[in-house]
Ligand SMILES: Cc1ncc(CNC=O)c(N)n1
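Read the single chain below, which is given as structure tokens and is the form predicted alone.
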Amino acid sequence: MEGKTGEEMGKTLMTETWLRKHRLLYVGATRHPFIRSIRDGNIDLSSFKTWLGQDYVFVRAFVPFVASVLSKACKGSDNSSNDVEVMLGGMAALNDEIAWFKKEASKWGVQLSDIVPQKANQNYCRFLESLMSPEVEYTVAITAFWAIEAVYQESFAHCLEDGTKPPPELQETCQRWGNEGFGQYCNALRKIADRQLEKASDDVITKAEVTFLRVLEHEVDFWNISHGGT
């Protein structure tokens, strides 16, 4: 056993435990029919345009949420960790992301000022707002942050695997979230979440797990918007 890491010696990290325990829901969020239709190249492009407009609205609501997690990190992480630096990088990327949405919307003829958030989107944005409360522990908030980013990363990385056939005009979309750099960023968020969970009370761990499940449920509902849902 000499030279083995903690995980190899049988120490399973909390996020790994959850991903195994809730595998079915996680697969539902990361292998949704909308994502599979992009992966297989048979997506109805009007569905993509619906997603584009709705996700722009969501990202605008995501920015203050990320800022609130960053604020919690400043108070809740020790000085030796690089939590704040990781999240500052994420904030900078969000600026680029909003610019990308505007550029894509122009390309597809989507009028962003006319977008009305659908019910699933409104519910998800309200959920984000609830996590911005000062009463919500940093551990819970960082768990949500990681889960939201990880679902997109894994979903769009799925569209870039060998043998996939995403439409050429959606290749850039798949690359935006499916690229290796974004994957490394998600892993950095996951490590922060696991480190916080490792020292959290049972009560906070339970809250964080419930929050993880809520994120997955909201993600499925959000994909449904683009796949004929509301």
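Here the structure is a predicted model, which is why all the values come from computation and not from measurement. Numbering starts at 1 and runs along the sequence shown.
Not pictured, yet referred to below: the form predicted together with this ligand.
Can residue 222 be called a contact residue for this ligand in the predicted bound form at 4.5 Å between heavy atoms?
Residue 222: contacts this ligand in the predicted bound form.
So, residue 59 and this ligand: in the predicted bound form, are they within 4.5 Å at any heavy atom pair?
Result yes; residue 59 sits at the interface with this ligand in the predicted bound form.
Would residue 159 sit within 4.5 Å of this ligand in the predicted bound form, counting heavy atoms only?
It does not: once this ligand is placed as it appears in the predicted bound form, residue 159 has no heavy atom within 4.5 Å of it.
4.5 Å heavy atom contact, residue 34 and this ligand in the predicted bound form
The answer is no: residue 34 has no heavy atom within 4.5 Å of this ligand.
For this ligand, considered in the predicted bound form: do all three of 67, 83 and 138 come within 4.5 Å of it, counting heavy atoms only?
Heavy-atom distance to this ligand in the predicted bound form: none of the three under 4.5 Å.
Look at the stretches 129-137, 109-117, 94-102, 67-75 and give the one with heavy atoms within 4.5 Å of this ligand in the predicted bound form.
Of the stretches listed, the one contacting the partner is 94-102.
Stretch 132-163: residues contacting this ligand in the predicted bound form, 4.5 Å heavy atom cut-off
Going through 132-163 in order - heavy atoms within 4.5 Å of this ligand in the predicted bound form - the hits are 148, 149, 152.
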